[in-house]
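The chain below stands alone and is given as structure tokens, in the form predicted alone.
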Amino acid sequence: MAPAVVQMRTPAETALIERFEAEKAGLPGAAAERAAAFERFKAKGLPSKRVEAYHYTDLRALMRQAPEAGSQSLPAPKAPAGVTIQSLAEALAGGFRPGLAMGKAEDVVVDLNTAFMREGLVIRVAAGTAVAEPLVLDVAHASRHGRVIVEIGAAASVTLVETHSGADGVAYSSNHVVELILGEGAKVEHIRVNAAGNEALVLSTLAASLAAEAELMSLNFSLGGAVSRHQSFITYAGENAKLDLRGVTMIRGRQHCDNTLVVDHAVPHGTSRELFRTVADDEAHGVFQGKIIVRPHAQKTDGQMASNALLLGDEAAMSNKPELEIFADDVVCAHGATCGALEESQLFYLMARGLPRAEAEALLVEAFLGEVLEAVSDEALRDSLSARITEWLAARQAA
């Protein structure tokens, strides 16, 4: 009988195991959930390219070290009428349990967050509350394992904005999770901005559960980090729910940015739209992995997914992997992916009217990415995101 093959642990895996043993007694609440999540991590280790979902982002190779976790608390926005905000530590100590929005999905990165989460918030929006101004979270890089859980009551509406920032020239890693639990008829806009430092390893997860008639628009806007992976796990828990999942990615140099999503249509009459646009320059590498699952009883599902990439540099690359898993027969589902350079005919048209080539390229890129921003209803927020696109293009021209 051949001996079992045991995979050697990396320094990062060993450091994480030692840290959890040293810290677990002092972590707030959810002891059983933490222990179970960490056992799953110990059994699997950091995912390598042999794990299909991480084929293009080999964390086992990328995370050679595990920097010490920061202790900075997540800042709490001012709570408007109808909204309560509690620290995650206080909520966990009081018996609150995380993971309610994950559905059937399991993921090692989420397990690590569950094991180590300390900083974070639990936000509750009362039923029927319409929050006029966006709730804004500015997350500094010192918060390594943050978790934000938002419960949105029936027929309530809110916009949540999270900006993840960090200094250039500082190597650090972060692993943040946001859970959104939408009640019946709730409406949520969620915008995440990755403005991490240029040497950062950035991991982030959105998990959302949609009750009947709920509507979620979520936009991941990414331009920071040396390596980043943003993943979304969306579960339909009620009929006639709607999802609009979007992404804007701008990368250059040798940046690597991975957008991975799983949309689980577990009930009938669900609608989902996924639109992701990537612009890659120099030797940057973009990744899109999207999976729509339609369960056997989820008839009348309507799912449409698209990933489009512009490669501005000769060495830039894009890996697209859209998937459909359909187990029902009365559905309308489709996916598509495109990848290419700017159209020379469009550039010629603009340059023939007096625009320098760099300005013509910038106009086309702004139009390409700007379409994704149209779903952001707050005008000031939409303008601020457009300004980031303009700044990125200006920096590209100046380089």
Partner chain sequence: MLEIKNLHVEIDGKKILNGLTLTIHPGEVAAIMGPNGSGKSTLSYVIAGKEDYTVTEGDILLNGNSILEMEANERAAAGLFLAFQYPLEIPGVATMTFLKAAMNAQAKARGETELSPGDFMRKVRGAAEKLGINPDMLKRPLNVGFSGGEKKRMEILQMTLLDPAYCILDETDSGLDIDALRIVAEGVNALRGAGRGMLVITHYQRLLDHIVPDKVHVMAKGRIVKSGGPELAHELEKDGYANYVEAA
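Quantities reported herein were computed from a predicted structural model and do not represent experimental measurements. Positions refer to the first chain, counted from 1.
Same protein, other form: the form predicted in complex with its partner chain, not shown, and the subject of what follows.
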With the partner left out here, if you bring back its partner chain in the model of the complex, are E23, P28 and A31 all within 4.5 Å of it by some heavy atom?
-> no
Tell me, out of A36, A61, M351, V332, which residue has a non-hydrogen atom within 4.5 angstroms of its partner chain in the model of the complex.
-> M351
Option from 360 to 368, 36 to 44, 334 to 342, 49 to 57 whose residues, in the model of the complex, bring a heavy atom within 4.5 Å of its partner chain = 360 to 368
